[in-house]
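The data below hold one chain only, encoded as structure tokens and taken in the form predicted alone.
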């Protein structure tokens, strides 16, 4: 069955690792009738964690999608990983959904990943709520968790459900919206409806008053009614909540004990009745000049959609997840892949419950569908019913922070290894694979050691390829510190025409980042104009490998001031060779020095680890630029650190912070190095060159 846009809800469940996201996902599917019984993480049979690596590690690694029907509405629910190593799959679900729910451990409150996810949602202006889990655990405290949220995010959560008791005394939750209680079923089934116990009526009335006030704030007319009457009708409350939530004016809060099936029904009813539909949302396209433009979700326009994820299923082959942004997608129809400028006939369409596919004939605006076996579609591709449509803004993914150089232990497996690394990079766009021509290494990069190791383990187990890994070589640069000049004459006599070209060059340092400037200062025809391009080609060849350690040369002005040619024996090749050798000779006299890449580093840590992290950065030759408190004991550190010191930082930070810290990194500039560090770089470069020659 296909659902129209006004009957579709797209929901993401996200949160810090271990807060119960997959368990909540599983139990919602059970409560919504999508699965006959819920499984536990330990069983290895949950809908959300279905791959071998997820079952083995008992963590979510990939986004999972399923749907239920509630009150005649289709609710698409995404389950997401909690580890920052797999943030890419969280971001794609944020792009595809109109409402995000952050799970909060009722004992721990807001944690580091909660803060980062909240900031990401804030940047998207995405409606969000919180679900405080594990209320049946000792030390769980719903009020304290909400106070923590208020302190750290400067919002006042509105309780839609309240816990009845805590720990061993926890008996269920109160549905504030519908003014009823839901009690835990002792037999392990769904929670049972009942009247609100007398002991909780006062708290329920106070929460109801807060809820009505929040609803009134969603609409000016409702606010007038509320001020006049002091109350709102149930339909008015729902209307106000719908508008307030869509406009980011409220953050609904829920409570529950997921493994006891508690808190599910009030949450599902809220999703069906109040959560935003795609009609309230918009997306972003890039115009012909690359500028961003908002595009409303629109049922009346021709088909347009964005491929948000690519997976490869053992039985179904390649699967492309598509968010339909305008129009309707129909099976067995023609589409344009705008990104590839290709027309394509698509075949079957599917929706899914985890890895179980269900064939459908069409998807309406706002829905998320799966196209099978498309030869051209890739993640971030725009599809359209018409040729020449604008492309949607690609997923805003963070840059990888952990890199490893790899090669197959058996050289015959190198090509096969490359094929599967390409596929892995297509399935997860935060994972990158490339050959670095400068360092002559195949380098894979990801969001952390865990992500990279899981991909390599999968290749080893499934493809039987042994992979060797090592820390990648750093891409250093060379430059000069003073002016110098040199001349070189290339002269070679053979049986026929000889080779002759004489070049005099002057070189000078440029400001950092200006890279290269070539100046022809020849007067009087000492070198004919048609040979000057040959001189420049030679200079560029010389700059490709400097005189210190063979790294590329940057930030140099090269001036051709004189030379000499022979009317018969001169050629562009002769002047290219003369230019290359003149440059190399001049560089040796110009105070050559090494440059190393410097990265901007942002680290998120709990306050108790702040001193250790800053001390470690100082030991890595880092320069602290600033520090901010994000509230509730979470600190952000900004620093500039040499790239060579950060090649294993994901491992170092995990060790320092007991796995709780995270960071982002990006290249900023090159800076000089000298002394022992430069000597070590030169020795390593010489050793690499010897090894390369031996191979």
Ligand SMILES: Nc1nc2c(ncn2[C@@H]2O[C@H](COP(=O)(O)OP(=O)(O)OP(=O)(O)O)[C@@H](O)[C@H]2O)c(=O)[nH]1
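Numbering follows the first chain given and starts at 1. Everything numeric in this text was worked out from a predicted model, so none of it was measured.
Here the subject shifts to the form predicted together with this ligand, a form of this protein not shown in this document.
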Practice item. Consider residue 218 of the chain shown here, and say whether it contacts this ligand in the predicted complex, taking contact as heavy atoms within 4.5 Å. Key: no
Exercise for review: Find out whether any non-hydrogen atom of residue 114 is located within 4.5 angstroms of this ligand in the predicted complex, and reply yes or no.
Suggested key: no
Check your understanding: So in the predicted complex, does residue 42 come within 4.5 Å of this ligand, heavy atom to heavy atom?
Key -> yes
Practice item. Using a 4.5 Å heavy atom cut-off, state whether residue 134 contacts this ligand in the predicted complex. Key: yes
Revision key, fill the gap. Of 665-673, 652-660, 66-74, 52-60, the segment with heavy atoms within 4.5 Å of this ligand in the predicted complex is residues 52-60
Study note, to complete from the structure: None of 545, 259, 196, 212 but one has a heavy atom within 4.5 Å of this ligand in the predicted complex; the exception is 259
Exercise for review: Would you mind picking the one in 157, 81, 448, 563 that has a heavy atom within 4.5 Å of this ligand in the predicted complex?
Suggested key: 81
Exercise for review: Scan 6-27 and write down, in order along the chain, each residue with a heavy atom lying within 4.5 Å of this ligand in the predicted complex.
Suggested key: 16, 17, 18, 19, 20, 21, 22, 23
